[in-house]
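Two forms of a single protein chain come next, each set out by itself as structure tokens; they are called structure 1 and structure 2.
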Structure 1
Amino acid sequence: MSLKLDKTVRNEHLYMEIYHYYRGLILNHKLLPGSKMPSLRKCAQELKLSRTTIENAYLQLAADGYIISKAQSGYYVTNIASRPDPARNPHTENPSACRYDFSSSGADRESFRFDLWRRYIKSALRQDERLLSYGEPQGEPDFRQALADYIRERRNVLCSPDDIVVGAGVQSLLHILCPLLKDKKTVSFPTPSFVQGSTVFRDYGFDVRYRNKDCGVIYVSPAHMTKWGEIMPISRRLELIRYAAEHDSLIIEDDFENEFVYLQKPTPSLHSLAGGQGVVYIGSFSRLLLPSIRISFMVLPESLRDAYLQKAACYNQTASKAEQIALCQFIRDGHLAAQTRKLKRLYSVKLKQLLTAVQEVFGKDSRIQIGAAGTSLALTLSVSLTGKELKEKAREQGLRIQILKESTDEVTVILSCSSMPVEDFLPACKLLNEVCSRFPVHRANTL
């Protein structure tokens, strides 16, 4: 093999070098369709690497369609290199390559230990007998117990495992919750940006409103009141709880991004302040772990829990049983708490570095909004473009941005630091500034 490896890098990056090497051979027709790949043992011996590293590279090649596994035989090259390339089709739009992405809410690669999570997944997959059956509709019992212990310790949410319902994402949980709220006709969301939640409620016939507490259901995300991370103060939380109790309204507390509170002490959850009465608490692991790990949960108050249990058997579990088993032990071994501390350090530093880059390019007096939580800031720009036009001009230069709002001669954009490398902050800001400078605001001379 002519592959030269840089063995100074960590093992989890070595497998990607092997992946790219074989991918290149396949795409350049040096490994033809139907060719058998070297065995894991032989490849490991030649490269003097562990079999696990080689296996990870092969699994990645298989996941991307370059090779296929045949039982008791090995891996074989597919015909992927012979298939038509959609990018070469003249009728297919070929958008500019993205160089910098300020709109992504994905995870920073350094935020997650893939090697550690891989061990827990492999351990879960070894529980053969348990994986032969469908998952529990409400969620795996041991996982719900671990969740109850975790949120009691971290958020002072007191509940039993029977109060918890697990699902693959918040939307799937809302599909279970909405039929239990037939007596409620209206729902309020903080802003129209809560598209996924409001869509589910509309589908069930609810009248969707915004920032209107005179509704049967009040959906709030106290640690994510704005896209730039403003937090609902405790006085407002207590006022909302009192008002909801007086008007027999149900509060849905989406605790999104509460783990990313940097600039103040975490505020008690609405669920804990209300003693669990009249509040549905929703939590998710997509931000703490990976967006692709679709495990969320909700804590139901007693009245809704009893209504749910009457029809629980009619629902199928949507979250992966293997991932629930893995996450259960991951939590019990203290890794989720450690992951939370790691992310708070990582993203608080990244957000400060993004702020520094924005101020360096746009000036210390630029109009920036930054909250006490989250991974984004809001920047207001003076530009003679609409938000849609600015977004398109930036995209043409390989820069993705998210528009928050716009007015005459001004557009406010949201800049996220979550998945972008720190070294890209400054060049990305300079590119955004270059785009804006081509379309300055021409103000009338008032002299």
Structure 2
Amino acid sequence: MSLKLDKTVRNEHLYMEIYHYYRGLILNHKLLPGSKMPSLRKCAQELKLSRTTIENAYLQLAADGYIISKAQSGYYVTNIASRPDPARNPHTENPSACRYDFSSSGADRESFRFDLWRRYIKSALRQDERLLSYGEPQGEPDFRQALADYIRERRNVLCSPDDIVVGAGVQSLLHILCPLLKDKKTVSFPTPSFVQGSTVFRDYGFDVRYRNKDCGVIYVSPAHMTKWGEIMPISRRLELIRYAAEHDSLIIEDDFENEFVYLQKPTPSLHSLAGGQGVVYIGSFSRLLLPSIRISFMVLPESLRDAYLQKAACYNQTASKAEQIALCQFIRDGHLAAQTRKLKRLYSVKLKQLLTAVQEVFGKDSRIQIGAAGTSLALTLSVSLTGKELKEKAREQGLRIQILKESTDEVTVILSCSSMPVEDFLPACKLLNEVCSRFPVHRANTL
């Protein structure tokens, strides 16, 4: 095999040349799946290049899945060329094509102290003995203690660590909770938008309804009643608790985004208002820490705790033990509280700036809905497209939006400020306006 390479390319790009050369051979089936790559030594000799350069090229090819290393043997071509083109697969989008992302519920890139979290994870990974065993099905005991202390202090939720069940996200908790509610047949959600929640209930045979208090289970997110952050007033909270108690319904309080209530004092949790009776309290950390940290927890009322304990050993813990250990100490050292204060300040400022940008681009009279909490606002646009079409047209321009609802000639979109840098607000809004103005509404009376 001989290689023709332009020797004048700059040295640091040399390995990428070699990378592209071999990549081409593999994709064009000149090098077949399973065949062995030339050894580093041989290849370096032939090309009169350093072994390091060749090795860098091979490592890059391996990282991208073109070749695979086999210990004490060498590199071999994978079957990547015979696989379907990932670009043609709608399930693996190319994220680099997205310039502005209003749809993300990810985190602000400046907000998270990666260095700090890495330190805690590193320290957790030093607890060799502890990591050698399976975790407690209910969640690590010290972590549950830290959680109990934290929610007692911040949300006035009084419970013992024995009442707390930890899981990898809200769905994992619902998978344990639903089978304990065999006598209930119906569940009410505030809106159809939380599909992850309603799916689990449906999978277990529940009849799912919306905004219907006459259900066996009432699922609410009092600090996130709508996508644009409306929160449930205290009078309605009390009313709901009374109604549920009278009808023997169970309330599931998903305290999502209670930390991001800006415009008023956070209202007391349903759990605290109800004295812990008839309420399952659910808390999560994906919005406070990293979305990629999958840890949630639920506080079971006495009536469900005993039923759970009888089955506890039947469920494996889903959350990473190392992450539980790390988060436990992170909370104890006060970092979660500090991070929450910081994010609350940050999102409050960002949301105001997003509002300013929207009003500047769409005019003072634009139809905006904004609540007392959260990281999003709702904007209603006049456009001769369906929601799906608008989303698609925006996507073509590198702009991602989330559709809330639509009617004739109108689409309401949700714009989230959480993961977009402030300096992008104005150009992103302008781009959205541009897309819309290409599809104006021709009203009958304006013709």
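Here the rigid core means the biggest group of C-alpha atoms that line up within 1.5 Å when the two forms are laid on top of each other. Keep in mind that this is a model prediction, so the values were computed, not measured. Along the sequence of structure 1, residues get numbers from 1 upward.
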*Quick one, which of these two is the form predicted alone?*
1
_Large Cα shift (2 Å or above) at Lys405 between the two structures, core-fitted_ = no
_Core superposition between the two structures, C-alpha change of His20 at least 2 Å_ = yes
*Using a superposition on the rigid core, decide whether the Cα position of Met420 changes by 2 angstroms or more between the two structures.*
no
*Give the C-alpha shift of Met37 between the two structures, in Å, after superposing the two forms on their rigid core.*
18.0
